[in-house]
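Below sits a lone chain in structure tokens, taken as the form predicted on its own.
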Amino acid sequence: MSGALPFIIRRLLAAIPVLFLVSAATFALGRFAPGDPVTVRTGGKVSPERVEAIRESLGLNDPVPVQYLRYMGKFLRGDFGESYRRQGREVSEIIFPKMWVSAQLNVIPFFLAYLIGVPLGIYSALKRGSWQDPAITSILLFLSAVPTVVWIPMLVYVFVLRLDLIPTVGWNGIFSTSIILPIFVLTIGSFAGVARVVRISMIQVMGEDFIRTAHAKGLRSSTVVSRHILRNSLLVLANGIIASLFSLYAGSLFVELGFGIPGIGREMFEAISGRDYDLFMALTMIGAISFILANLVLDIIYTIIDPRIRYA
């Protein structure tokens, strides 16, 4: 781990041009795309003179590069601007509570996906050649193939409209019964995907020469699985873990829309459709930073799982 600090510094420096391109492209899209920010702010119900006065006060008459540099200067100081749709409210006041809701919504499915998917994938790989493996694989493919937008109305119809067992609309906290169906929907596809990745990765590792050598040395099957097969399979699984963690920030758009949950995925959708430029810009920047940091953590995890990987 002695080379960790220089490696982290290099990766962070390399991220600067990426963040510049993402921020510049997003800012330009907001300024040059159809739809005027002042029209969004006023609803198109003020005089042209008032519109011009607002544009001047917001600095929208300045050249776009000047506006960009001014915005980024504020962003780096922690000022994300003011919402165009909700006048008088800071962007940070809106997005951070929504991000917390999405994090709570996704944290239980995150753990369930791996608690169920990893053992199931291991079991399926170890049963390769028997009837259990194709049976499990078929079920996993079916669960992965059914889109979220199909699960939501189907489950609502059965458990809410027909059986009247579970309330389904709104958000009453992570410990309320209204979260049962959203968690179920988010877990179905997630654990199926995890199980398939674990199965495929383990089968690939099981065919390697060093696994046959380990068996030839007389090592117990459980030792070969835990110390050799599973450990090498974790390298592939680590990618999925980071992607799943990113969903804690990004939210789950269809689930939040379908169940009326005020999360960040729904907020991002409304920001784009409502041309709330500063809010969308802040979400994009936070998302890009989170993605870069997540991949940095992933690279470090690789070196922990497999010491043969060195920082470069």
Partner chain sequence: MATQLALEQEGSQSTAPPGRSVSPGRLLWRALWRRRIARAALIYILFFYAVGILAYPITRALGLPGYKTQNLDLSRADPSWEHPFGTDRLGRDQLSRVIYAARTTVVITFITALTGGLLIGPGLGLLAGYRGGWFDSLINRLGEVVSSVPELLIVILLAATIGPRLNDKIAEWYGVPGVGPLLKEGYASLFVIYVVLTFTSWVGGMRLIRALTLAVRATDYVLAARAAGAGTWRVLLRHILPNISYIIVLGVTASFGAVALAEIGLSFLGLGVRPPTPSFGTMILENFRARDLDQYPHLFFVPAFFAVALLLSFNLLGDALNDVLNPRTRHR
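Residue numbers count along the first chain shown, from 1. This structure is a prediction, so every number in the text was calculated from the model and none was measured.
Keep in mind the form predicted in complex with the partner chain is missing from the figure; the text below concerns it.
So which of 78-86, 193-201, 175-183, 218-226 is the stretch with heavy atoms within 4.5 Å of the partner chain in the predicted bound form?
Answer to the contact question: 193-201.
Do Ile9 and the partner chain share at least one heavy atom pair within 4.5 Å in the predicted bound form?
Contact with the partner chain, no.
Proximity of Ala24 to the partner chain in the predicted bound form, heavy atoms at 4.5 Å
Ala24: no contact with the partner chain in the predicted bound form.
Does any part of Gly170 reach within 4.5 Å of the partner chain in the predicted bound form? Heavy atoms only, please.
Gly170: no contact with the partner chain in the predicted bound form.
Mark Leu257 yes when one of its heavy atoms lies within 4.5 Å of a heavy atom of the partner chain in the predicted bound form, and no otherwise.
Yes, contact at 4.5 Å.
Report yes if all three of Pro134, Ser144 and Ile272 come within 4.5 Å of the partner chain in the predicted bound form by some heavy atom, otherwise no.
Heavy-atom distance to the partner chain in the predicted bound form: all three under 4.5 Å.
Considering non-hydrogen atoms and a 4.5 Å limit, which listed residue (Leu115, Val149, Leu165, Ile108) is close to the partner chain in the predicted bound form?
Of Leu115, Val149, Leu165, Ile108, the residue with a heavy atom within 4.5 Å of the partner chain in the predicted bound form is Val149.
In the predicted bound form, the one of Gly73, Pro119, Pro97, Pro153 near the partner chain [non-hydrogen atom within 4.5 angstroms]
Result of the distance check: Pro153.
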